[in-house]
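Coming up is one lone chain in structure tokens, specifically the form predicted alone.
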């Protein structure tokens, strides 16, 4: 088991580090697919919206987890990963959904008076997966390139839209002395409207490390959405993970955790909200009515 895990981590490192250093994306993919959600934002600027491809490529994270044992058995070479580009692609409906979410986030920022640009095809992935898999040296080396890319484009402030990128950028402050301001979009948006009644699945990074759990609830309740709570399911103390972080090393266990988490959420409400594209990917096979926060407020 330990040897199998080590082979898979080695394969991930070979494939991802090579792809990141070559194209600043975590997987071999047509990068232009990720920037097609907008064409009316200025390129760059001191303040940018930073997607880090998380919404656009979330479904690919799950697809590559499925094929990791195959890549591992083949040695995890970049050549094998390049072959993956031919048959592992984001679905059109997944891309269209991600584009709609990002357009709404951008619109909500504008509504709050936050002017922002976007780096389009110059945008780099944050390297968050390296950090979360404990590849700290690789994260620090790649993170230095990310920060340099921001500086080359005159960026001084990034508005993040997901927990993994927010956490990665915050860690760059400590590990690489980054002076780029990091702010999550949930802390900026205001004057919104929405309706309905939902139970929230809190992303672990938002509630346990970034202190954004109450911010999510404030956004929703101020917009007119009723949040259903159960201390044993949705509290910071008793709420549990969606299983996503385990996917790259044990897909079967990750799926069991996701199914269990879905069952508990559905005991509170049949309508579930998430605030992370990877939580959505993990839980959506088990929950019919599941949406992202940026799909219910505007």
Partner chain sequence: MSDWQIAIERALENNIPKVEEILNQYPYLKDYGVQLRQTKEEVVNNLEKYVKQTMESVKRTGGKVYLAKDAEEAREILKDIVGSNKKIVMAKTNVGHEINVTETLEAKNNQVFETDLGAYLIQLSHGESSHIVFPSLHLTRENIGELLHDKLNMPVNRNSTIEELVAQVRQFLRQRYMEADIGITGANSISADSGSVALVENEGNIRIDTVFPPVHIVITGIDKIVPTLDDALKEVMVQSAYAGLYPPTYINVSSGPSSTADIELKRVSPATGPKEFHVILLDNGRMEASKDPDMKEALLCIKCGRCYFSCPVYRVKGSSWGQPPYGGPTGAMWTAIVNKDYETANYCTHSGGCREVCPVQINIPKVLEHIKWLFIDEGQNNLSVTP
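Numbering follows the first chain given and starts at 1. The model shown is predicted, which means the values in this text are computed figures rather than measured ones.
Below, we refer to the form predicted together with its partner chain, which is not included among the displayed structures.
This chain is displayed without its partner chain, yet in the model of the complex the stretch 256 to 264 from 256 to 264, 53 to 61, 39 to 47, 22 to 30 comes within 4.5 Å of it by heavy atoms. Within this chain, residue 209 lines the site of its partner chain in the model of the complex, having a heavy atom no more than 4.5 Å away. Contact between residue 171 and its partner chain in the model of the complex is found at the 4.5 Å heavy atom cutoff. Put simply, residue 131 is close to its partner chain in the model of the complex: some heavy atom of it is within 4.5 Å.
Taking non-hydrogen atoms only, residue 270 never approaches its partner chain to within 4.5 angstroms in the model of the complex. Contact annotation for 224 to 238: residues with any non-hydrogen atom within 4.5 angstroms of its partner chain in the model of the complex are 231, 232, 236, 237, 238, listed in sequence order.
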